[in-house]
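This document opens with one chain alone, in structure tokens, the form predicted alone.
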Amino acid sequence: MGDTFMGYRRKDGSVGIRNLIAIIPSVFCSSKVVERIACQVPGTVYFRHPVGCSQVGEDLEITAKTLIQIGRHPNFAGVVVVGLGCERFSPYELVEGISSTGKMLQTVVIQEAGDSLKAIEEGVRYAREMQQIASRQQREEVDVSELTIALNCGGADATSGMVANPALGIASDKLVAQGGSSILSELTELLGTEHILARRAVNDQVAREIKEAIYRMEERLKNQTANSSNPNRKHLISKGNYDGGLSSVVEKSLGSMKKGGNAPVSGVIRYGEPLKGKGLFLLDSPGHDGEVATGQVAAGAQMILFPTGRGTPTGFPGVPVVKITGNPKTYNKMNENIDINAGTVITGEKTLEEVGEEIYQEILDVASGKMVKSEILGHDELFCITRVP
């Protein structure tokens, strides 16, 4: 056994790093009931979303797959599904998709319960019963190969590509070398790097899939920006990125890619689908922080590593988001939101390799139960299922 962490072993063999009860609406109409249930039961998290009905084809398919994968996630010991009763994505289909995990599972349907107050009462009872059972489960020592991390970033500045992303790449390489997994994404911020990533593919098929995914995203962006009424809406990088010292999307892409270190790329994952195998994977997703994080969690990532040069407070329900900044000024200004100051490389206090090791040790600590700042402050903004235009 290599490095280890203390996790929760599930009946299906997966390992969680949190032991929470998830309250998930099958449709947006159930969101307030879900929120009210979670607010009354400690140890629960809820997933508000605006989808689940009036969608068709691939758009609804992605919603269904993603919600099922969230319910199957190993950080949740149990799930209460809440439906309205007339939606296109049935709550019973969501329950069926989760059921093979063997975890605690209950369904509340508002139209069957009678009204929202009765549905809340029923959901609170189920959640309390699950939480009492989950509270008896103990952590156990687990090999680090059971760990999957997500690599995401937001509010980038010049220090992101210089320091924070490369340091995270060192930590990711160390995890992958020991049999663990990492998920790189944000295809809108990998434009122009496809030939570099394809050279690192484990075989020709994966190399083709990497290029096809990034070319497809480039074509989608061309179509979306062709008729913009405001020239500023064509920009892939924000005013904040420019203010932070980034000059172009090429520079941003080259820095973003460094989060994935130098490990071989094992495959490309479709949005809403689980990881198949171990190693470094590329998730086919747009660059929106919430859409990326949600796809990565749906693929099975137990935690998210999030470099941010300008600073951001965001978090994800039930999945720790570790904030890293390469900008020492941002760390000092947003100390209550940032977990790791990689800006110590800029100030000459540490080397890039030392900060990479610091991030890796933080990954093990968080996997074993250490809470990150976004969890402590209750941030959960990153749950956002992508849509097919």
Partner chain sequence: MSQVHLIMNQKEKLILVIDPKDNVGVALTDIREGDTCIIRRGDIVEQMTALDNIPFGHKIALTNVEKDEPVYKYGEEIGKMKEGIKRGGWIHSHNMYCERGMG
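Here the structure is a predicted model, which is why all the values come from computation and not from measurement. Superpose the two forms; the largest set of C-alphas matching within 1.5 Å is the rigid core. Residue numbers count along the first chain shown, from 1.
Just so it is clear, the following notes concern the form predicted in complex with the partner chain, a form of the same protein that is not shown.
Chemist: Among 356-364, 61-69, 338-346, 26-34, which stretch sits within 4.5 Å of the partner chain in the predicted complex, heavy atoms only?
Modeler: Single hit among the candidates: 338-346.
Chemist: Of 159, 312, 181, 188, which residue is found within 4.5 angstroms of the partner chain in the predicted complex when only non-hydrogen atoms are counted?
Modeler: That would be 159.
Chemist: 109, 275, 134, 254: which sits within 4.5 Å of the partner chain in the predicted complex by any heavy atom?
Modeler: It is 254 that has a heavy atom within 4.5 Å of the partner.
Chemist: Residue-level question: is residue 43 within 4.5 Å of the partner chain in the predicted complex, judged on heavy atoms?
Modeler: Result no; residue 43 lies far from the partner chain in the predicted complex.
Chemist: Does any part of residue 77 reach within 4.5 Å of the partner chain in the predicted complex? Heavy atoms only, please.
Modeler: No, residue 77 is distant from the partner.
Chemist: Classify residue 249 as contacting or not contacting the partner chain in the predicted complex by the rule of any non-hydrogen atom within 4.5 angstroms, answering yes or no.
Modeler: Although the partner chain is absent here, residue 249 would touch it in the predicted complex, with heavy atoms inside 4.5 Å.
Chemist: Please run the contact check for residue 122 against the partner chain in the predicted complex: heavy atoms, 4.5 angstroms, yes or no?
Modeler: It does not: once the partner chain is placed as it appears in the predicted complex, residue 122 has no heavy atom within 4.5 Å of it.
Chemist: Within 4.5 Å of the partner chain in the predicted complex, which residues of 296-328 have a heavy atom? Give them in sequence order, or say none.
Modeler: The stretch 296-328, when checked against the partner chain in the predicted complex, contributes 310, 327, 328 at the 4.5 Å heavy-atom cut-off.
Chemist: After core superposition, I'd like to know whether residue 252 moves between this form and the one not shown (criterion: C-alpha shift of 2 angstroms or more).
Modeler: Residue 252: C-alpha displaced by 2 Å or more between this form and the one not shown.
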